Ligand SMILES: C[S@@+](CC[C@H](N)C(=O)[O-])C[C@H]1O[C@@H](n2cnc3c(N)ncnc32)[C@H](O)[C@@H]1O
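Given next, in structure tokens, is a single chain: the form predicted on its own.
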Amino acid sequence: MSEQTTKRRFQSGENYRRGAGNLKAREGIFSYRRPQVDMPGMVIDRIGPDPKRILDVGCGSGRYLLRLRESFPEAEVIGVDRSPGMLEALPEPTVQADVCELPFGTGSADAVLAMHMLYHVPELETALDELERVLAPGGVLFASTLASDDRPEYTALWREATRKALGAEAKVEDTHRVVLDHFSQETAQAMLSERFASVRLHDLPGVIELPEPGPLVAAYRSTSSFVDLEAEDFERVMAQIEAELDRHFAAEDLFRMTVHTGILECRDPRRP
């Protein structure tokens, strides 16, 4: 069992090849977030008037893409994703492409989004260079990820269940930890500040309050293709997670997780 294998699987895109089901399972817990935040609305409000082209890179299930098209009907809003399974359910225009090799001209987009996706990218420097390259003068890049103190309860439950199910020597990194180690909000801010003269953080702390275990169990289960476990061992861990949550809800009405995310609004590229 290898932490590096988990990271490699997390970055492979395999989890998304058959569509948005796994992603939606993980997104589902955020419907219990307090306070609720409208991240697509925040982006839309900051783009500015009359954009001609908007690229939603790593568009996933289309959460941002569809809102952008409603808000800017005169703009060309293109969904970009490496996984064809994600794009199948989305209306065109869409483009299957890797963020490290975007098939768009230099300076051709007035706004570019990279929302909760850059932690999947092994070559971060190349990806950020490409996002900067396609941005038009006066344009804006939005990137989002998790802060380093996001959901420690999620990681703690996974590690406790793994220890009990597989033994104290088992060290199977959860994908949440992979995100934070590879591209946390703090890492993102430092890297983007090297490329943009203006990097504004819209900080979004909060709490998730789950009234029953189902959404969290579904979120963990959606990560099966990420983690370096045989199917039988993964099911043993899942059974232990369910048992731990059953014990929790026998004594408590809610399972609480602190959540901390944010949006980085980047303007004025430092490139010549």
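Small disclaimer: the values here were computed from a predicted structure and weren't measured. Residue positions are given as counts along the sequence shown, with the first one as 1.
Absent from the display: the form predicted together with the named molecule. The rest refers to it.
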Whether C59, R82 and M115 all lie within 4.5 angstroms of the named molecule in the predicted complex by heavy atom
yes
Answer option from R53, R63, R46, R69, heavy atom within 4.5 Å of the named molecule in the predicted complex:
R63
Listed residue (E27, E244, D228, E235) with a non-hydrogen atom within 4.5 angstroms of the named molecule in the predicted complex
E27
If contact means a heavy atom within 4.5 Å, which one of 161-169, 120-128, 182-190, 148-156 is the stretch that engages the named molecule in the predicted complex?
120-128
Quick one: does D98 come within 4.5 Å of the named molecule in the predicted complex, counting heavy atoms only?
yes
With the partner left out of view, is L254 within 4.5 angstroms of the named molecule in the predicted complex by any non-hydrogen atom?
no
Using the partner position in the predicted complex, report whether M86 sits within 4.5 Å of the named molecule, counting heavy atoms only.
yes
